[in-house]
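Take a look at this single chain, the form predicted alone, given in structure tokens.
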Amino acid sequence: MTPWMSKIALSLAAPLLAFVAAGLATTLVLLGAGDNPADFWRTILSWPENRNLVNILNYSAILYLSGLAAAIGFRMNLFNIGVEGQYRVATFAAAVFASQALLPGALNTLAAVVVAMATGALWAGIAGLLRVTRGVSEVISTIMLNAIAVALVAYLLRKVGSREGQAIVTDPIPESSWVPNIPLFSDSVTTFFGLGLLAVVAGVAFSVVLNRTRFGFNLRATGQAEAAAVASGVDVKKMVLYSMLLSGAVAGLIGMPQLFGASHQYGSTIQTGIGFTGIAVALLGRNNPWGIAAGALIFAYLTEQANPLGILAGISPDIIAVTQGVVVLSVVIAYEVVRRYRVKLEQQEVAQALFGEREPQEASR
């Protein structure tokens, strides 16, 4: 096998090994719970209807933004566990600002998106500032900030919102500031969020900044070897703060597709857990823009396909959460196994090259 073929085979081995392991583990869980694995896989692997495909794409865009927000921190060797809180405070701030209609039409929408990014950045910046000035672990601070964000938004929502049925909501965003959705199928009333395209823009920007700019090089260098980065003149504290601000700004975009494309107001029934799921998506995608996109699609697909499980297969949809967790663990383990195998092969090649050069020299003597 040629070197490039071996490299391709190793690249494909990790995801294949991960999904085989995840499939076997999920099957064992189903058998242990007394469910029929054949019914589960038949339902999960059935092709979704058009409206379900749109739901998958909508949720994928949201998860992709969440995964990117987490990945920015991971590439810097920072664990921003606070994406959930940053997303909530940013979406609330954007909804309140947009509902005031201080600017006309699209300008109001654009300004609200900027407000969301600024709010998310500032909320994440608290953890970054505590890290660089007081040495507080960002894991602890962001977890605590999540709890504060939930309580603070709930308190402010009761102050500025009004009750609609069982929910408390902010004033609605004027229709002139709504972002039109994109119809993908003529036979489906479900449409793709117009601001779902923010995921594409954010993904391209993430890739360019990470791989084509000095900031991205410094970020990657600091994340891989902080001591070497310091020796080369990188201001690590400044990079930590900037990375947290950037991560929070991307987290601020998570709620924008839903806010301006469907709900048009912030309410107490806002979807929760997106920030935490984004962390799993980033891990699944190995903090790579393309990998995160694949991870977001997988999680969105599994979530959407969970809906008919109880009806068609008589299986609790909670098994999907188990499957998603098993997939993440399997990917992490599989990539580590393949990485160690690759290192072993490289060591063997180096040893063979060294000893291969010595043998002719010894023979000539």
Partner chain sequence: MSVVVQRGSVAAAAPPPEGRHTARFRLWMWFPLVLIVISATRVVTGADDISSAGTLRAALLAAIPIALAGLGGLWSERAGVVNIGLEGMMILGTLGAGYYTYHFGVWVGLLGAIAFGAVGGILHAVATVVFGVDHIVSGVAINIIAAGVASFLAEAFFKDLEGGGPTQSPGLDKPPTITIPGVADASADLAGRDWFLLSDLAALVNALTENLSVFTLLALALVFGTGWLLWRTSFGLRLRACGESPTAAETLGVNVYRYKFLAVVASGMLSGVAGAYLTVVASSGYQNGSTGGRGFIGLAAMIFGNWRPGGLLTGSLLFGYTDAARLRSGGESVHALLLIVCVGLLAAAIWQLKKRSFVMATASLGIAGLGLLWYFSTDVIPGDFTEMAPYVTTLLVLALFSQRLRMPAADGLRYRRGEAG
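Residue numbers count along the first chain shown, from 1. All values reported here derive from a predicted model rather than from experimental measurement.
The form predicted in complex with its partner chain exists for this protein as well; it is not shown, and the discussion that follows is about that form.
Heavy atoms of Arg158 reach within 4.5 Å of its partner chain in the predicted bound form, making it an interface residue. Mapping the unseen interface onto this chain, Glu304 falls outside it, with no heavy atom inside 4.5 Å of its partner chain in the predicted bound form. Its partner chain in the predicted bound form comes within 4.5 Å of a heavy atom belonging to Ala33. Remark: Arg212 does not count among the residues lining its partner chain in the predicted bound form, judged by a heavy atom distance of 4.5 Å or less. This chain is displayed without its partner chain, yet in the predicted bound form the stretch 144-152 from 144-152, 195-203, 102-110, 252-260 comes within 4.5 Å of it by heavy atoms. Contact with its partner chain in the predicted bound form, defined as a heavy atom within 4.5 Å, holds for exactly one of Ala225, Ala167, Ile140, Ala294, namely Ile140. Residues of 75-111 that come within 4.5 Å of its partner chain in the predicted bound form, judged by any heavy atom, are Phe79, Ile81 in sequence order.
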